[in-house]
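Here are two versions of the same chain, shown separately as C-alpha cells and labelled structure 1 and structure 2.
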Structure 1
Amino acid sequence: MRWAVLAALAIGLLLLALYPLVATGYGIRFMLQLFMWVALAQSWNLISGLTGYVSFGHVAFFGTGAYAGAILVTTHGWHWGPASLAGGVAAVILALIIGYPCLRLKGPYFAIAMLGLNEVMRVLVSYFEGLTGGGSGLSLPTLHASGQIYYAMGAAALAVTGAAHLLITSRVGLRFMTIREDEIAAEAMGINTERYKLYAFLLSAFVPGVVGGFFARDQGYIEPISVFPLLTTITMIVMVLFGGKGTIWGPVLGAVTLFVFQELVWARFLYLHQIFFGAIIVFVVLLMPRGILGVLQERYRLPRTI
C-alpha cells in the first residue's frame, strides 16, 4: 500500500511537471494559484493546526515577503528567485520580532494580536511612500515568466507539504501537538513550550514570505490592499478546517477542493460566489469541525497523522 501511494505521488508530480508543455495560459495560471493556496494553507496549518495558536493575521507575512521581494527586484536589480527567498527571510525576521510577545498570549488574544499586526504592516507600507510606493503601489519590470513561477510555486507547495510530513511524524511534531492539546501538561512534561511555539511560528512565516515574493513577481504590480487583505487569511483558515487541521493532507485537500469550487462558482455566478463560500464556512464549522479527513479518520480508522 505504501509503495502504491508513493508511485501515485510520483506519477502525479511527473504529470504536473509536464503540464506547462501542453497547457494554455489560463491553465498555467490556474495551477499556479492553486499551488499558492496549498502553500499558504499548509503554512497556516504549521502554527495553528499543530500548536493550536490560531492566527488571524498570517497574511502579514505574505505581504511582507511580497514587498521585500519587489523592492529588491525594482531597487537593487535582484533576480526574482533570490529576492523571493529574501522575502521569506524578511517574514521570519518579522515573526521573530513579534513572536516573543505575541506567543505569550493565549486563545483569542493571540488571534486579535495577529489581526492587529496585519493592519500595522498595511499602514506602515502605505506610510513609507518613498520605499514602497505607498498607496500608489509598486510596479515591477515586465517579465513573461509564468512557466518559471509555476515551477517555483509548485516547489514551494511540495516543500511545505514535505515539511509538514516530517514534522507531524517526528518527535518535534509530537511536542507541537502536545502543546495544542494541553500546554500546561506539556510544560509539566519538560517541553520548553515557548521555544517550540516560536519554532513553529518562524517556520510558518517563512513560506508565506517566499510565496509572497513569487506572487509579486507574477503579478507585476502590488499595493497594500492587494497583499494585506484579511480575506486571504480567512481563505487559508477555511481551507485547512475544510480538509482537516493538524494533518498532512488536509490543507492540500481543502485548498484543491475549495479553490476549484470557488473558480467554478465565480465563473457562473459572479455576484453569488462569496455567498456560497460563506455558506461553506458555516457548514464546516457546524457539521465538520474536524474537516473531511477528520470524518474519514473516525469512520475508517485512518491514522491520525495522514
Structure 2
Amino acid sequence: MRWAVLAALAIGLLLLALYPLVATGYGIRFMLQLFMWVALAQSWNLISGLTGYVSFGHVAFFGTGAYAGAILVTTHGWHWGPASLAGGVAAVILALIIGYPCLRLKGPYFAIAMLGLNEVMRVLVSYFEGLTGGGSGLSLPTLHASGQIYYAMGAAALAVTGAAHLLITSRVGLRFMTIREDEIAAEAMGINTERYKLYAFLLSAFVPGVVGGFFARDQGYIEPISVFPLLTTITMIVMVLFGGKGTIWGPVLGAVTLFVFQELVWARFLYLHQIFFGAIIVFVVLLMPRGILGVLQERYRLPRTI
C-alpha cells in the first residue's frame, strides 16, 4: 500500500515535470498559478492549521517577498532566483518583528495584529516611493521565463508540502498541534509554547515570500494593490479550511479544487465568488470542521496523518 502510494506520487511528479514539453502557454500559466496556490495554502496551514493561531494577513508576506525580489532584480540586477529567496528572508524578518510581541500572548491578539498588517504594508510600500515606485508600481525588465518559473513554483509547492509532511509526522509537529489542542496543557508538559508558535510562524512566512518573488518575476509588473490584496489571504484560508486544516494533503486538495473551480466558473462573478467564499468558511466552521479530508477519513478509514 505504502509503495503503491509512493509510486503514484513519483509518477505524478514525473508527469508534472514533463508537462511543459507538451503544454501550451496557457497550460503552463494555469499550472504555475495552481502551484502558487498550493504553496500559499500549505504555508497558511503551517501556522493556522497546526498551531491554531489564525493569520488574517498572510498576503503581507507574499507582498513583502514580491517587493523585495522585484527591487533586487530591478535596481541591483540580481537573478530572479536568488532575489526570490531573499524575498523569503525579508518575509521571515517581517514575521519575526510581528510574531515576537503578538505570539507571546494567548488569545486573539495575533489574529488582529495580522488583520492590520496587510494594510500597513500597503501604506508603507506606497509611501517609500524612491524604493518601491509608490502607487505607480515597479516594472521588471522583460524576460520570458514562464517555463523556469513553472518549475520554481512547483518546487516551492513540493517543498512546503514536504515540510508539512515532515512536521506532522515528527515531534516538533506534535508540539505545534498540542498548542492548538490545549495551550496550557502544552505548557504543563514542558513545551516552550512561545518559542514553538514563533517557529511555526517563521516557517509559514518563508515560502509566501519566495513565491511572491516568483510572482513578481512572472507578472513583470507589481503595484501595492496587486501584491497585497485581502482576497489572496481569504483564498488561502478558504482552500485550507475546505480541504482540511492541519493535514498534509488537505491544503493541496482544497487548492486544486477551488482554483480549478475559480478559473472555470467564478472569474466572471467576483463579488458572488467572494460571497461564496464567506459562505464556505461559515459552513466548514459550523458543520465540517475537518474539511473534505476529514469527511473522507471518517468514511474510508484513511490513515491519521494524511
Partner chain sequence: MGVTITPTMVGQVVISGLLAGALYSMVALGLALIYGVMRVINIAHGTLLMLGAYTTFWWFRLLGINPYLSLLVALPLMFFVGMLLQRTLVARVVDAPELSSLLLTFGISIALVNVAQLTFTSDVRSVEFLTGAFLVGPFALSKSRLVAFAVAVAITAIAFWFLQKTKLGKAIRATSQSSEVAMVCGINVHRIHLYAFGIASALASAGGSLVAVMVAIQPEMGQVYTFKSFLVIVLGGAGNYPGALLGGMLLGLVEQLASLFLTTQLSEAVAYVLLVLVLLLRPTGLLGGRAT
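The term rigid core refers to the most C-alpha atoms you can superpose between the two forms while keeping them within 1.5 Å. Structure 1 provides the reference sequence; residues are numbered from 1 along it. Keep in mind it's a predicted model, so treat the numbers as computed, not measured.
message: Please identify the form predicted in complex with its partner chain: structure 1 or structure 2?
response: Answer 2, the form predicted in complex with its partner chain.
message: Taking the rigid core as the reference frame, tell me whether residue 165 has a CA displacement of 2 angstroms or more between the two structures.
response: The answer is no; the displacement is under 2 Å.
message: residue 79: after superposing the rigid core, is there a C-alpha shift of 2 Å or more between the two structures?
response: It does not, since the residue 79 C-alpha is displaced less than 2 Å between the two structures after the core fit.
- request: Indicate whether residue 107 shows a C-alpha shift of 2 Å or more between the two structures, with the rigid core used for the fit.
  value: Moves: yes, 2 Å or greater.
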